[in-house]
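Heads up, the chain below is alone and in the form predicted alone; it's given as structure tokens.
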Amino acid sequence: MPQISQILETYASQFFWLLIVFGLIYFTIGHGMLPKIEASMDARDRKIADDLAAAERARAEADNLGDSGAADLTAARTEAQAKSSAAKAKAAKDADARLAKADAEISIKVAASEAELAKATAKALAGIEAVAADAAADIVAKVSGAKVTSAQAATAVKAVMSHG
């Protein structure tokens, strides 16, 4: 068949150049571009691994900071409670001091009032004794007609009041 032999003659040189071009493309891509692509992929993989390691370190550091933050919070809470207790104790002490001072002032006022009351009672009793002595002298004078001196009447009233 002449058509087949014609195809081989016509396309044989084209197959040859096709193989040459594909070989050049294969070696160009294989030796020129592939190493660059592999280097980019390796760099990307390294970058991802480094980023993951940095993220892990940051997470561990954040956990440590969280733990130390909780410890700081506990320490601050303890310190605040201590200060609160100290303030309460100081307030209680101040209140006790004010109460003792007020108690002392009240005791002084009560003692002064009692002294004044005792004076007023003594004065009233003295007035009662004088009135009673005058009344006793008048009663004796009207009942018996005897004359009693004021001194005798006062002595008799004192004697009766001290016993009764």
Partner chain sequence: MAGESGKIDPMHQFQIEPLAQLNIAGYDVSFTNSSLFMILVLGALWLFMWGGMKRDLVPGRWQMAVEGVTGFVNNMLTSSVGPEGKKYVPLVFSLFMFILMANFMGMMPFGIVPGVHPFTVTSHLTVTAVLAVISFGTVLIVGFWKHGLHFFSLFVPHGTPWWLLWLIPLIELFSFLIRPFSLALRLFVAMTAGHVLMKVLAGFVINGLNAEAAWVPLVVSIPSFILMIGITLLELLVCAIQAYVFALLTSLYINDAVNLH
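Between two forms, the rigid core is defined as the largest C-alpha subset superposing within 1.5 Å. Residue numbers count along the first chain shown, from 1. Since the model is a prediction, treat every value here as computed from it, not as a measurement.
Not pictured, yet referred to below: the form predicted in complex with the partner chain.
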{"item": "Three-residue site 12, 21 and 33 fully in contact with the partner chain in the predicted bound form at 4.5 Å by heavy atom", "value": "yes"}
{"item": "Partner proximity in the predicted bound form: residue 25 to the partner chain, non-hydrogen atom cutoff 4.5 Å", "value": "yes"}
{"item": "Exercise: residue 159 in contact with the partner chain in the predicted bound form, heavy atom 4.5 Å", "value": "no"}
{"item": "Exercise: residue 38 in contact with the partner chain in the predicted bound form, heavy atom 4.5 Å", "value": "yes"}
{"item": "4.5 angstroms heavy atom contact with the partner chain in the predicted bound form for residue 44", "value": "yes"}
{"item": "Per-stretch contact check against the partner chain in the predicted bound form, the hit in 25-33, 102-110, 116-124, 132-140 (non-hydrogen atom, 4.5 angstroms)", "value": "25-33"}
{"item": "Did residue 66 shift 2 Å or more between this form and the one not shown, C-alpha, core superposed", "value": "no"}
{"item": "Post core alignment: residue 31 C-alpha displaced by 2 Å or more between this form and the one not shown", "value": "yes"}
